[in-house]
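There is one chain below, alone, in structure tokens, taken in the form predicted alone.
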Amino acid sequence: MRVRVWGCRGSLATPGPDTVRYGGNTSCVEVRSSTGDALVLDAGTGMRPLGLALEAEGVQRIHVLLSHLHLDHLQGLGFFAPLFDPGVEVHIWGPASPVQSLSDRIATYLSPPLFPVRLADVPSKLQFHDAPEDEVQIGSVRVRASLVTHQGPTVGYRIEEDGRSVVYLPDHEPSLGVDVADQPVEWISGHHLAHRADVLLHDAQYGDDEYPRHVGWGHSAVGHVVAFARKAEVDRLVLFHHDPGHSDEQLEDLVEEARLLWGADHQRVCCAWDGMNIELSPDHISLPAPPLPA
């Protein structure tokens, strides 16, 4: 299984000289199984270059797994090239709502005046599904979802193949009003999804000094992420959903803070960056370092 990060910024795309190393695209992660199945986690602005790559490759079936429908996780969908190819089958999964169907909620964005093309006029073969609470098979991988603590219906995803697992929790606040380290695991949002994951991509929007000003915003501080990952017995932790106000240098400070909190084997903690490739095989896991500063 191969995981490629196409966008890891939170809230707002942030191109510019201060974000060159870690990137400015909002959340979008590609997962490719050993048999070539294409899964896309979230539809942030990183989805545009991913779509061009999938189009060039001629991929005919794509599963898009949306964690939630906040704009930074959806705004790339209308610029996803395969969506406009009548020969491509696109399955869109997302959190269920008792009020509206997933397609109706997405159509609120993909329609005038917010977007020039209506969802109903998109030519690809579109199918919509509620995020699977029970495990489903997509090609050679197994996928399940679970509701987590964040504003609006929000889910995280766990993807497994050949005894390896990747968990994606891009917007998550498990420490809302509590100390995760002191809580029973059954009371911790997302714990059963992340338990003993090989790789966890997790919201780490704030430094511990920033978090008190953002309690209840639905995002995590670095200290909370490390405590959560330790409690869930995660093998490797990737900090994700970077604050749009954080420069490359600030992100490097945050990952060093996380590594100090992690302690031994601190190389198992790293910071996501646009273009990052994670390889998981039965006998190997690779977490590459970001490119060196220019």
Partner chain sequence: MTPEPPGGGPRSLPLILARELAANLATPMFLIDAEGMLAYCNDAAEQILGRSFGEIDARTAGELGDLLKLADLDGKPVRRRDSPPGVALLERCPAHCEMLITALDGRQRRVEVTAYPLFGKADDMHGVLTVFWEARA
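Residue numbers count along the first chain shown, from 1. It should be emphasised that the depicted structure is a prediction, and the values quoted were computed from it without experimental measurement.
Not on display, but discussed next: the form predicted in complex with the partner chain.
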| query | finding |
| --- | --- |
| Contact residue in the model of the complex, chosen from G177, P113, G87, P212 - any heavy atom within 4.5 Å of the partner chain | G177 |
| Contact residue in the model of the complex, from D208, D104, D162, E135 (heavy atom within 4.5 Å of the partner chain) | E135 |
| Option from 213-221, 115-123, 78-86, 183-191 whose residues, in the model of the complex, bring a heavy atom within 4.5 Å of the partner chain | 183-191 |
| The partner chain contact at A96 in the model of the complex, heavy atom, 4.5 Å | yes |
| Partner proximity in the model of the complex: H195 to the partner chain, non-hydrogen atom cutoff 4.5 Å | yes |
| 4.5 angstroms heavy atom contact with the partner chain in the model of the complex for V199 | no |
| Touches the partner chain in the model of the complex: V148 (any heavy atom, 4.5 Å) | yes |
